[in-house]
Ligand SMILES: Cc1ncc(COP(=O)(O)O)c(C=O)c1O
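The form predicted on its own is given below as one chain in structure tokens.
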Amino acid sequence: MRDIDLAHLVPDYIQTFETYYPSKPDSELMRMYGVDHLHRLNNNENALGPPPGVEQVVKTFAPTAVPVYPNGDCFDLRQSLAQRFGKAPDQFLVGNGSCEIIASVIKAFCERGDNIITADKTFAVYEWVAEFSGLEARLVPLKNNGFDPQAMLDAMDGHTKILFICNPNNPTGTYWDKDTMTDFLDAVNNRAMVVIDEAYSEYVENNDFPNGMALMDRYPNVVIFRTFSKMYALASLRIGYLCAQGEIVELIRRTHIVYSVNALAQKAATAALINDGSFIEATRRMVGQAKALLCEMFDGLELTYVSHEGNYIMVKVPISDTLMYRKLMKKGIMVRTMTGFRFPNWIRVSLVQLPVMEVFCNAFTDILKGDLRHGR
């Protein structure tokens, strides 16, 4: 039998694509670093856990439901989302996390020779999906740690199909206010689709933050992404959704994999939307307290940091981010290194309950004092 010729079978853009390796399971990491606990401050998870009602759904999920396929288009959840946001159920499309939604939108609008535009330091999956689909991802540098609207407009050409805006941006937390967003949409003038990823929108309390759900009524090219992974703490169930005008959703639906969202995720997400007001307030309060504590510490250490919206904060460390990660891991604390986000020597820290934040502050300070003492 002849050898398989992968160079012939695999497209060039796949052969040159850099593989992303997720972190190992917590149990394996604890074994590797010799610790008996691990505070997860790396993925912006909501440490309070999901809203009331979700726990009951999880506990009472019937074993007899396991062999049955889930509803293929998340019918009940789309009804709940429609009621919550005053839209029609057909304006929603639910996916196995926002990553699947991103792929569906790109497949629906882009073909060979087209390009997408986003920032160079933002949620990387827009760029990744475009590139491993054989499309050009045009990455516009951030300006003052935020998306640069004019630079994005300047990067457009006749082959630009989608502009991805992460609002607030992960990892910097900056956002476009209402005027900036509407000025940008006016300038795009329906020449391309504009995806506004609002994964962290529930964390923003400022009145000038634009409501994407309202914008789509005025701008038919707007597609809104949201997720149950961040504020609603359903990350392990992988469930996100988009909302747009009905005819746009119908086009995206043609490329979307049905039955990709499991039954438990659908039920949990539906339950999460019920009586979530006090839960969101409690989460915002937790994040605010944590943010104040860390900012005070970083100020005291005279470190550069970026703190805006969202349940995370980013700080530049005087040693490599990888070395800081390893030192914190040996103390049972996991943060996100930011070199992969094109922020070398920065780390991102998720904001959780004060006792855990105090553990992080003590460990972080001890590490810096140790390195400074040894001249590193």
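Just so you know, these numbers come straight off a predicted model, no measurement behind them. Residue numbers here begin at 1 and follow the sequence given.
Just so you know, the form predicted together with the named molecule exists too; it's not on screen, but the next bit is about it.
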{"item": "Listed range touching the named molecule, judged in the predicted complex by heavy atoms within 4.5 Å, from 183-191, 140-148, 248-256, 98-106", "value": "98-106"}
{"item": "Answer option from Lys291, Lys87, Lys267, Arg238, heavy atom within 4.5 Å of the named molecule in the predicted complex", "value": "Arg238"}
{"item": "Selected contact from Ala263, Ala199, Met156, Leu301, since only one has a non-hydrogen atom within 4.5 angstroms of the named molecule in the predicted complex", "value": "Ala199"}
{"item": "Residues Val315, Thr339 and Phe343 all lining the named molecule in the predicted complex, heavy atom within 4.5 Å", "value": "no"}
{"item": "4.5 Å heavy atom contact, Cys166 to the named molecule in the predicted complex", "value": "yes"}
{"item": "Residue contact check: Trp128 to the named molecule in the predicted complex, 4.5 Å heavy atom", "value": "no"}
{"item": "Distance check, Thr227 to the named molecule in the predicted complex, heavy atom within 4.5 Å", "value": "yes"}
{"item": "Contact of Thr160 with the named molecule in the predicted complex (heavy atom, 4.5 Å)", "value": "no"}
